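As C-alpha cells, one chain now follows by itself in the form predicted alone.
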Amino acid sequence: MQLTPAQLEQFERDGYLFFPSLFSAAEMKVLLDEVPRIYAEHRPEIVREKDGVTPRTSFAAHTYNDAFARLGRHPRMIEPVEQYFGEPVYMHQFKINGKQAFDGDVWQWHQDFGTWHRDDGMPQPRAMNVAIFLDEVNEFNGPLYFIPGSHKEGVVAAGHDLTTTSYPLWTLDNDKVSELVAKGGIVAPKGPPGSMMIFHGCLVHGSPSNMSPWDRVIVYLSLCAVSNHITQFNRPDHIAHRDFTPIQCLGDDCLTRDDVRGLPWPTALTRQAA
C-alpha cells in the first residue's frame, strides 16, 4: 500500500490520515476473536484499569499471539510508514488498547514522541503510529481525539502524570491544549471495524472515558525508522522493544490464510507476494 502525493500533502498539513473500512470484517474477526483470550491471561504485558480487573492495554501481543504477529507484518500497515521515512522500520511498541464498555478510562492529552524521546532516548520523531479499529468507533465509546496540525509544534512541555490513570503518561497542561485547539480544532475519526489511522509521533491526542455499553478496541503499531532506534532502556522491553530488526511484511491476505504464520517474532521471513 502506497500513499498518494495528495495523501502525503494532507499528512504534512494535518499530522494524520484516516482510511475507513480498509480491512474486511473477516480480517477483523480473526483478530477480535483473540482479544478475550489475551485479556484473560495474567501476564506483565497486560495493564489493567485502576479497579485492577478491567483490561486497559495489552503490550507486545505480536510476540506471543500469532494472529497479532501477522497483523504486525501486514503490508497495509507497514508499507506507508516505510514509504514516508524512506527506509525499513522496526516495531518500537505494539499495544491493544481496550477501552472497555462502561469502565474504559481516559487517556490524557499527550504526544507519543515526547514519551519515546524522554523515556526511551529516541533521537528524532522518525516514528509514528498506525492504528486499526477492531470495533466500531463512535462518538459515545471513547474515540481518539486529534488536534490537527499540532505535530508542527515539535515536542512541547509535559508533566509526568502518575496518578490520573493506572498507566503513567507525559501529559500537556490545559493552557497548552487550549492554545493548540484554538489553532487547529479537534477531530475524532470514527468508523467501522477495519478502519485504519496513521498519525505523526508529535501529534497531540487523547481520548475520553467510555461510558457507553460498547467496547472500543484499537490496536496500535508504533513503527520507528531503523536508523532512529532508541538509545535508553529504562522501560521494560515489552513496552519499548530493544530488537531493531526490520519488519518483513507478509502477503496482503495473511490474516485470513491458515498456512501463514507470524510467529516467531522476529524472524528473517521472506517478503511474500500479495
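Note that residue numbering begins at 1 and tracks the sequence as displayed. What you are looking at is a predicted structure, and each value in this text was computed from that prediction instead of being measured.
Not pictured, yet referred to below: the form predicted together with a small molecule.
Given that the partner is absent here, state which listed stretch (241 to 249, 201 to 209, 60 to 68, 33 to 41) has heavy atoms within 4.5 Å of the small molecule in the predicted complex. That would be stretch 201 to 209.
So, in the predicted complex, is residue 99 in contact with the small molecule at a 4.5 angstroms heavy atom limit? Residue 99: contacts the small molecule in the predicted complex.
Indicate whether the small molecule has at least one heavy atom within 4.5 Å of a heavy atom of residue 147 in the predicted complex. No - in the predicted complex, heavy atoms of residue 147 and the small molecule never come within 4.5 Å of each other.
Given that the small molecule is not shown alongside this chain, does residue 229 nevertheless sit within 4.5 Å of it in the predicted complex, heavy atom to heavy atom? The answer is no: residue 229 has no heavy atom within 4.5 Å of the small molecule.
Would residue 95 count as a contact of the small molecule in the predicted complex, using a 4.5 angstroms cut-off between non-hydrogen atoms? So residue 95 counts as contacting the small molecule.
State the residue from 126, 76, 110, 117 whose non-hydrogen atoms include one within 4.5 Å of the small molecule in the predicted complex. Answer to the contact question: 110.
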